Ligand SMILES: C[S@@+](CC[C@H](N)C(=O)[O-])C[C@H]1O[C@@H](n2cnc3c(N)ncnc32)[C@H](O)[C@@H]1O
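A lone chain, given as structure tokens: the form predicted on its own.
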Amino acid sequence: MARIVHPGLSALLQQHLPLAEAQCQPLPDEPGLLLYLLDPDFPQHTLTAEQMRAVLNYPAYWAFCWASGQVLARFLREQSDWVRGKRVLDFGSGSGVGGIAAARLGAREVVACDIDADALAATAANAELNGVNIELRQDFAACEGSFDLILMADVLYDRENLHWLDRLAARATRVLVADSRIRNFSHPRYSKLGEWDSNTLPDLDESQEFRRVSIYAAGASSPPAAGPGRAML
């Protein structure tokens, strides 16, 4: 495909990483779903010490599609009844991949929530890129009413975020959590639906343990069957 760069998102990246660009990229496992992500040719392994400090101070999570986000999008495509006709919240939206997948699959309404204003800018750009409508909220308290489904992908990297598991379950009929960081996950409200392999885009050459993504559900009376060609372990 032709090389397409988003000027506004690239400018956000270049405040911290000179020459970095937000480039339109297809997701290998999701036909037709496109995201503006960090240019895959950006020399990640040759950053200067100053650039590395800038990355640590400003981790642009939204410029990557993490393995958990890809797996969640794939799961929704294979189990579209979770979102079709539903009111959906994509919590900690990052690039917006979960909410965009839900909107593409016929969700009645999709709201994306992220405390990072740059992530919301990325979600808006990616939603436009995919021709879907998504409402944006920076404060969870500003998300009015209840939801049929709340999505959360790769938010539990910080164990201080575990308290959200109960808060989200109290606001939705169902919650889906995709995560590759927490091992021995145990919560009385959540049951494990399965495990899938994926990787982050652009590829960060992460270890295999972070390429193995689990999905957990709250509010589901029984786990759905695995999608075609995907065995749940």
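Residues carry their position along the shown sequence, with the first being 1. Not measured: the values here are computed from a predicted model.
In what follows, reference is made to the form predicted together with the named molecule, a form of this protein that is not presented.
Remark: none of the three candidate residues (L33, V88 and I134) comes within 4.5 Å of the named molecule in the predicted complex, counting heavy atoms only. Site annotation in the predicted complex: the residue of A107, L76, I150, V155 reaching within 4.5 Å of the named molecule with a heavy atom is V155. Partner contacts here mean any heavy atom within 4.5 Å of the named molecule in the predicted complex, and among 76-84, 92-100, 124-132, 142-150 they occur only in 92-100. Residue contact with the named molecule in the predicted complex: W164 places a heavy atom within 4.5 Å of it. Using a 4.5 angstroms threshold between heavy atoms, W196 stays clear of the named molecule in the predicted complex. Contact between C65 and the named molecule in the predicted complex is found at the 4.5 Å heavy atom cutoff.
Under a 4.5 angstroms non-hydrogen atom cutoff, the named molecule in the predicted complex has Y61 among its neighbouring residues. Contact residues in stretch 107-143 (any heavy atom within 4.5 Å of the named molecule, taken in the predicted complex) are C113, D114, I115, D116, A119.
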